[in-house]
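Heads up, the chain below is alone and in the form predicted alone; it's given as structure tokens.
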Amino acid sequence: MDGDGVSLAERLRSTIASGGPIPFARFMEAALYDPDEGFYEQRRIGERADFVTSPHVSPAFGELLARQIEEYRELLGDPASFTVVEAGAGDGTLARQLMERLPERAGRRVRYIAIERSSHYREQLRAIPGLEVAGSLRSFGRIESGCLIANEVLDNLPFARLRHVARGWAELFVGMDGAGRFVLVEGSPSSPSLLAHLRHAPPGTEVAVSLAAFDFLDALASLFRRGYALLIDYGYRGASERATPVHGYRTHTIDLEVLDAPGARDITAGIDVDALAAHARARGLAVFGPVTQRDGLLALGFAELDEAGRRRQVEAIDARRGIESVRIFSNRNRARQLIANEGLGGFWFLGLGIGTDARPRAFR
């Protein structure tokens, strides 16, 4: 409810009743980021909430990404100042993992900036010592050298939904039926920019196009004088793979009904990795990959991390420390979820270079 006691659903109905159907991207923006009832204002990430991300599954994720960040710093010549920017920092789980593992070098401290839209999570992030917090990539000036990490961010940026019909491409808007339920209705595309990102597809094809994701890349292109970005998300390879359907997550369950009760669930769709790569190249950025998360984490040393855990487990068994051996075994199993082909391991790593084309370890 807002300050006047009017629910988000009722506010959206009022908007549609007075002005007609609204773009799905606008509906999604409200459902996820409304300051009163948006999904991300309601503490919805974590094992006891609606979904988890890789750093929640295992701290091995942060340990391996820290290795990549350390190499970024080396590839950039070990600059006197180095800034890590995390987009979509959420509850700070990844920030804590990385900050614990990024060492000072001869007094050269790593500056860490957490970007988060949710006011609730920004307050939570401000409680982490040494962390700077901002609301967007455009909240501060250009950075001399550093890197950006965006884990499961782009799939949650508002996107338009388009359907290939007999007359061409139609955009799907959110309207209402006679009972006041939210429904999808076809209309002419709301922006010519949407059509510029569409490929030939058979009739009936539906795709999600996120102009916000391309805007994110535009902001990233001017964020560093020299730096790297690692974009991690689930998605598909352009025309060679089928687009993933729009869906939500609610209590760790996939929910295909995303219009009912706005704010009650996540709304997402897999990103077109090739389209993002093409846009980045057009902006003059070096592009590395994409590679799967499995391949990227293996390149960063997942196997040696697991082997070290196996040795500790054997030592605990030999010393008859049963509880410790079970704990290590459980942690190893959780870490393996990060590289599971049918799960998180099937996510994509897309690397970008700003002012550098030296290839990072995750993409070799």
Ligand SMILES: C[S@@+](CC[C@H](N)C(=O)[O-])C[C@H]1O[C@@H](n2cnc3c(N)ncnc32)[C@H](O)[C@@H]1O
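Predicted model only: the values in this text are computed from it and were never measured. The first residue of the sequence shown is number 1, and the count goes up from there.
As for the form predicted together with the named molecule, it is not shown, yet the points below apply to it.
Comment: 32 to 40 is the region of 334 to 342, 310 to 318, 32 to 40, 291 to 299 lying near the named molecule in the model of the complex, near meaning a non-hydrogen atom within 4.5 Å. Contact annotation for the candidate site: His56, Glu116 and Asn156 all lie close to the named molecule in the model of the complex (heavy atom within 4.5 Å). Taking the partner from the other structure, the named molecule in the model of the complex has a heavy atom within 4.5 Å of a heavy atom of Gly88.
Looking at Tyr234, you'd find every heavy atom of it more than 4.5 angstroms from the named molecule in the model of the complex. For Glu152, a non-hydrogen atom is located within 4.5 Å of the named molecule in the model of the complex, even though that partner is not displayed. Contact between Phe224 and the named molecule in the model of the complex is not found at the 4.5 Å heavy atom cutoff. Interface residue among Tyr121, Phe182, Tyr112, Trp169 relative to the named molecule in the model of the complex, by the heavy atom within 4.5 Å criterion: Tyr121.
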